[in-house]
Structures are given as C-alpha cells and as structure tokens.
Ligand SMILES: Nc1nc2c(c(=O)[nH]1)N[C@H]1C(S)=C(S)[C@@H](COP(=O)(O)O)O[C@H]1N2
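Below, in structure tokens: the form predicted alone, a single chain.
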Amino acid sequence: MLIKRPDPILSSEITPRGVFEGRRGFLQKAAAGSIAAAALELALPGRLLAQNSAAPKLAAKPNSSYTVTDRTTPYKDVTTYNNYYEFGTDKSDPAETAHTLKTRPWTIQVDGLVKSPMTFGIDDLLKLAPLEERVYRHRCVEGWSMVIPWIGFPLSALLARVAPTGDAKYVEFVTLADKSQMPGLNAGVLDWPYREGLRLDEANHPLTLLTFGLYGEVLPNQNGAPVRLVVPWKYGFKSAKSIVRISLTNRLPLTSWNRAAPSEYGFYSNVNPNVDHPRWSQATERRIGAGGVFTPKQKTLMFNGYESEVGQLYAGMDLRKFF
C-alpha cells in the first residue's frame, strides 16, 4: 500500500546513494571481523560517492504521497540487471552495450486523436511539468522485483497538453528502433519497433509516470534513456523505454509481446498472483540485490501492492480473461 507522510522529505535528509550502498560493504566487513576498515568507509562518504560521480544529476522534489516502506534496491543492481532486448537478451547485456545509444538530440511525437498534436524536444519535455521523485515497486514477469526511486511527472500532464478528443480510448507508445545504435535489433527476437499501450484511463492515472531519471540522476541508457514510461501496477515490460512516439487511438493497440506470444502476454498485464504465466507461477517473487538465488521468495501482491489505487479501473472485469 502507499504510505502518506505528513511532511515532504528535504533533500538534505536523503541518504546519499554512495553511503546507502556502502552500508552493505560495512556489514560484510563487520561480519568478517574487519570493523576498522568498515568504519573507515562509512566515515568517507565523499569517496563512496565519487565512484558514481559521472552520471548527470537530475533535481526533483520527493513526493511523499507516492512512496513505499520497502527497502530500496541498490543502484548497481537497478542499472546492471535489465530487460532491454534492443541491447541484448541477457540481463547483463544492456549495461555493457547501451553506451551506443545517443540521447541527444531526441524528439517525441505526440499525435493521433488529439486536438493539438505536438513534437517535443527532450529538454522542452523536461520543463512541461515539475519533476518528482517517487519510490515505486517494480515487478518483472519472470519473477524478480525491485524498488526504485524514479524521477518524472504524471503522463497525464503531457496528455492534457495535447488534448485528447472524445474518440480517444487508448494510448500507444512506440520506442526507438535503430540498428546503428541498438545491436539487439539484429537478433529478430521481436517485430521492431517495440510497441506498448494503455487504456486512456490507465494512462491518465496519477501513478503512471513519464520518467527521466532514477536515484537522483538522469536515466542510464540501459534503463530507457532519455524518457520511458513507468506503470507500477503492471509487469515491467509495459513500461516502454526510449520512447519516440505517443499516439492516441480508438482501437486497442497491438503491443509487441502480445503480438509475439498472445497466450503468454495479455494487453493489460496487471500484476496478479492469481493468474500464472503459462510457464511459471506469478504467486511469488524474489527481490534483486537481496541475496541472489538465496533470497527467500515473498508473496506477490495484487496489482503489485497498488490495489487500493487502481483496482477500481478493472471493476467487473474478468481478470483471467483480460490478463
């Protein structure tokens, strides 16, 4: 469930990422008897931060209405364990190959059933609405999960700017497909470009985030730079990366994974522990960064823990049929 805090967290009160991740090293050294060495590392936060000082920072105000009490996944795991087939099918591939992605210049075309179609440069898009930091759960269909502090603003702010017509019912997202930048496109795993879609009410839901950063920094290439979608109550593949076009339509979009394997990947793809994938159970999950294969499984929550916020969107629907 979402936790409402009485007051916003000041940036000065947030534990620096390097210090946060350094605690892990402290515990490992302490367990090995190296208390002095571990204490020295915690006493030098500047040195820890310097290890990750290359990524550009991205300022955002923490939104205390959108956070969870779960432990945040370490930055290293968030940025080295990724599903991004345009850069390879192994989880480690994107971190190794996505350096070829060019994120400037970058434009996003917003068209279809809208009164004011527009094309935004990425820097203009960043100014469209105030940036917020939100801590969301993230659940992958294969059974692993993370907790990530994303930076962005509600997708509804962009949609309001282009003014959908009364005929608009769905939103389709199209991502970059450039073989000169994306080596994974040569594998032919999917019919490129990657396409995703939401119902218009899902796209306008306050939880749906147009995302530009994580952990206080701009999005790394392997995490979907320079702009991606984050829909926390759905399986991770619904959160399209490196978006270049957003189109409003009155027809259900044919999304990439639904087209490739319709019996395995439905259009809605809501996190649902009661509806298994044909090849594995969805009832449990393992958190990345908490011990690897030795991490105890935990029960998966309905709608990834956001049932009270989004459950009404699917009132009366057969969630086994509309999976």
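Throughout, we count residues from 1 along the sequence that is shown. Since we're looking at a predicted model, the values are computed, not measured.
Another form exists, predicted together with the ligand; not displayed. Remarks below refer to it.
None of 107 to 115, 126 to 134, 245 to 253, 143 to 151 except one has non-hydrogen atoms within 4.5 angstroms of the ligand in the model of the complex; the exception is 143 to 151. In terms of contact with the ligand in the model of the complex, the residue from 82, 208, 73, 211 that brings a heavy atom within 4.5 Å is 82. The ligand is not shown here, but in the model of the complex it comes within 4.5 Å of a heavy atom of residue 138. Within this chain, residue 236 lines the site of the ligand in the model of the complex, having a heavy atom no more than 4.5 Å away.
Although the partner is absent from this view, residue 240 contacts the ligand in the model of the complex, with a non-hydrogen atom inside 4.5 angstroms.
The closest non-hydrogen atom of residue 202 lies beyond 4.5 Å of the ligand in the model of the complex.
Each of 175, 194 and 223 is positioned with at least one heavy atom within 4.5 Å of the ligand in the model of the complex. The partner is not shown here, and in the model of the complex the stretch 270 to 288 never reaches within 4.5 angstroms of the ligand through any heavy atom.
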